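Shown next as structure tokens: one chain only, the form predicted on its own.
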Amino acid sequence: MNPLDARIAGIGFWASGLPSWEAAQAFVADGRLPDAAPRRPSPELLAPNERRRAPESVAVALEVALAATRAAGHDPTTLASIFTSGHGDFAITGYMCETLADDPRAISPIRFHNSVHNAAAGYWTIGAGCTATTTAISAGPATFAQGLLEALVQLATGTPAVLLVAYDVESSGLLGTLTPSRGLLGGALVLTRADAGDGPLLRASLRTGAGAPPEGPLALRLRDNAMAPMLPLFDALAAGAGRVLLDAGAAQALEVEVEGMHV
């Protein structure tokens, strides 16, 4: 395929122990960690009561989405978005599967309403008042690469700017034995067309083969989270430039180059 490109207008990041993009950059630069990182994000987009009740998957997704949008200076009400997660909320999905297998009549309607994979996308469009198109993608270990590819295709076909959000949380129970995942991890990019703006340039193309094993500081520290396949790109962004191979599934890799990033 011909390379697809975009400008990076804004970045959001939140991980257990690294609760902002600034903290992630400092960790990549010299291994510094914040003294007292919060256990979970507290997204301003939600009212205080909703902030406490929202699943961790929604909290981390909204936190990085809002951070990236603010960094980009884009109006979230008109920004197309793509939300990517391997399993949505592990705890709720695991609860649903196990309860349906053991005692279907015991399913709780309170927990059911957050069981859909696009729950975070729904919270975002309602909270931000966004009426633009939103998409939810799941593709196993290739989830982030497929989300990035979808964002680049939307830009190439006329969408002026796209918010890409990636997140996964701790897994448990039977689902955790199939897909182990530890801690909270979220990353977001606001991407614009390459001929618009002057942000760092991102160029990507699909190629045959597997993604490269993780090597950077973020990829090694947070490798136990199910969304860890996105981390080589965020290591490159924090370092200022780089070329990475992301697992895109079906014996394919998404080759991504970043240049012009000032840290």
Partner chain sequence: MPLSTDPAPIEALAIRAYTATTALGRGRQAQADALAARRAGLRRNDFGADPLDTWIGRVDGLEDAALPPALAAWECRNNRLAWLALQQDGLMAAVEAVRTRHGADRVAIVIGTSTSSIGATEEAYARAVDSVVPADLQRPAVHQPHSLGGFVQAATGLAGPSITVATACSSSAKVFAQAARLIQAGIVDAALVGGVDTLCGSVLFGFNSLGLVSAQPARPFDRDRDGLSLGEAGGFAVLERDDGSATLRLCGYGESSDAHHMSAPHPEGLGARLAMGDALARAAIAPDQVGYLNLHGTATPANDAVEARAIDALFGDGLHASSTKGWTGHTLGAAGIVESVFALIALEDGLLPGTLNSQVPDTACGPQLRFDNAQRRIDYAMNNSFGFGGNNCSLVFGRA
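Numbering follows the first chain given and starts at 1. Computed from a prediction, not measured in an experiment: that's the story for all the values here.
Keep in mind that the form predicted together with its partner chain is not shown, yet the notes after this line are about it.
Only one of the listed residues (185, 161, 164, 137) places a non-hydrogen atom within 4.5 angstroms of its partner chain in the model of the complex, and that residue is 137. For the three marked residues, 42, 49 and 200, no heavy atom of any sits within 4.5 Å of its partner chain in the model of the complex. Of the stretches 22-30, 203-211, 65-73, 229-237, only 203-211 has residues with a heavy atom within 4.5 Å of its partner chain in the model of the complex.
Residue 191 falls outside the set of residues with a heavy atom inside 4.5 Å of its partner chain in the model of the complex. Using a 4.5 angstroms threshold between heavy atoms, residue 148 stays clear of its partner chain in the model of the complex. Contact annotation for residue 252: at least one heavy atom lies within 4.5 Å of its partner chain in the model of the complex. Among heavy atoms of residue 4, some come within 4.5 Å of its partner chain in the model of the complex. Of the residues in 81-109, those that come within 4.5 Å of its partner chain in the model of the complex through at least one heavy atom are, in sequence order, 86, 87, 93, 94, 96, 97, 98, 100, 101, 104, 105, 107, 108, 109. The distance between the CA atoms of residue 102 and residue 140 is at least 3 Å longer in the model of the complex than in the form shown here.
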